[in-house]
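Given as structure tokens, the chain that follows is alone and in the form predicted alone.
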Amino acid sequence: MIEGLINGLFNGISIGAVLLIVALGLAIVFGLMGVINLAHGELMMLGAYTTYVVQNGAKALGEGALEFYILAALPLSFLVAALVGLALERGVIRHLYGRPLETLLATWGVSLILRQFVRSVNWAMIVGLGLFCLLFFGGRWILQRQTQWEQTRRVAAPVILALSSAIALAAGILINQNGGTALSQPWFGARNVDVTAPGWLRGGLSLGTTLQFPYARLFIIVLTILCLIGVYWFLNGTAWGLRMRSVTQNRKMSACLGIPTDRVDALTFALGSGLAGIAGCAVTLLGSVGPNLGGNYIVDAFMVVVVGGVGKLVGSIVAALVIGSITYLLGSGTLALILPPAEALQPLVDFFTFFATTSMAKVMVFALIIAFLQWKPAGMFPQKGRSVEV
């Protein structure tokens, strides 16, 4: 009974560790900019698929590279997700600050685009996107060197966009129709793909006869601790981290003191997106990867941010571990199994057995969170200071 509870708590903590990495990015972005990014889960998905690509590349290099591909996949997942997040912030979100409904709808649309992109991406699409970027940004760069750019921008910019899109679309269609199977075959498709853990992450640490802690889950917990240390050091020990904290407390005063708030916003979004990419890399050690991966975690990650207190890292840590542990203990049926077979406890056993599925466990967790927020609507660790007063 005790061994089952310990195993359940360990597995719940490992799930909470993944939620914590995802929620760290949301807590930073939402706490600083007030942006509800519904595409955050898809950034996590991109990190997972980056890990899958790195694994396939390591397979081509041989068994030796396959043993350590995860060490290369972690920084690459961070970089890919951070660059996509930076492009999202520069291209979409910065035009929608102060308009939460439009931001919500825009990021939801981006999440759908990213899901379909992963399902459909092939060499023809990549060539078309590359051609579009070359023509669009190259054309803008050429026109910006002209002295009349400011006067002609309103007319020239839409024309460049339309021509670049038409040429890139035509090129992609031609390559897709005439390039053969090699260029038109999707890289990933709609099905889930499997990522094999390195040999040193298989198996587990045995304690006694019944207790076993899988190495993969231990690795995820250690990775989460390292991410927490890194984020804490960045926010408290670097100049840009101090600027981020200043903007969080009072954006207008920070701008008056010369802090480039637009750069801080871009850096914040890139950092939060990169953390989502690391979470995606960690998730590959727990199961298969699919285009809908982000949707399975984004709601839980938002719950962690809200329950812990918006913008509070300590609250996110506590909330992630609590939510992950309760969800696993309920969904796996551990609570129903560890109760003694006494007749007086049978109604309680039946209650926990009823919720002993993943979907029903989430229903119970939602109900508990709603009840908790009725008591503490600002979360476990509510914000204090001028940022709340504004």
Partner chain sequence: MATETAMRPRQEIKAQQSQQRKLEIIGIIAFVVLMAVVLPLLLSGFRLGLLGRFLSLAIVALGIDLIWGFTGLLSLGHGIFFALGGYAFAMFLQLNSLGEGQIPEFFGLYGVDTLPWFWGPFASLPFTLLAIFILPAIVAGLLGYLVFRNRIRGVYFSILTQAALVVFFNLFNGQQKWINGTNGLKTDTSVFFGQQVGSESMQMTFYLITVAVLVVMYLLCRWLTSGRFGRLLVAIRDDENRVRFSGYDPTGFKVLVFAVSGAIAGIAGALYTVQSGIVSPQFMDIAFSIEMVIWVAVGGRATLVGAILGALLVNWARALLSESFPEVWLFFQGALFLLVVTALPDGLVGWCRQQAPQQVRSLISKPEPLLTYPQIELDPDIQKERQEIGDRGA
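Numbering follows the first chain given and starts at 1. Only a predicted model underlies this, so the values are computations on that prediction, with no experimental measurement involved. Just so we're on the same page, rigid core means the largest C-alpha set that superposes within 1.5 Å between forms.
Below: the form predicted in complex with the partner chain, not depicted.
Between the options 116, 212, 238, 177, the residue in contact with the partner chain in the predicted complex by a heavy atom within 4.5 angstroms is 116. This chain lacks the partner; the member of 133, 92, 171, 163 within 4.5 angstroms of the partner chain in the predicted complex by a non-hydrogen atom is 92. In the predicted complex, none of the heavy atoms of residue 262 sits within 4.5 Å of a heavy atom of the partner chain. Under a 4.5 angstroms non-hydrogen atom cutoff, the partner chain in the predicted complex has residue 109 among its neighbouring residues. Mapping the unseen interface onto this chain, residue 189 falls outside it, with no heavy atom inside 4.5 Å of the partner chain in the predicted complex. Not displayed here, the partner chain is approached by residue 36 to within 4.5 Å at the level of heavy atoms in the predicted complex. With the partner omitted here, the stretch from 250-258, 94-102, 218-226, 134-142 that lies within 4.5 Å of the partner chain by heavy atoms in the predicted complex is 94-102. For the stretch 353-369, the set of residues having any non-hydrogen atom within 4.5 angstroms of the partner chain in the predicted complex comprises 354, 359, 360, 362, 363, 366, in sequence order.
If you fit the rigid core between this form and the one not shown, you'll see the Cα of residue 68 move by less than 2 angstroms. Superposition on the rigid core between this form and the one not shown places the CA atom of residue 56 less than 2 Å from its counterpart.
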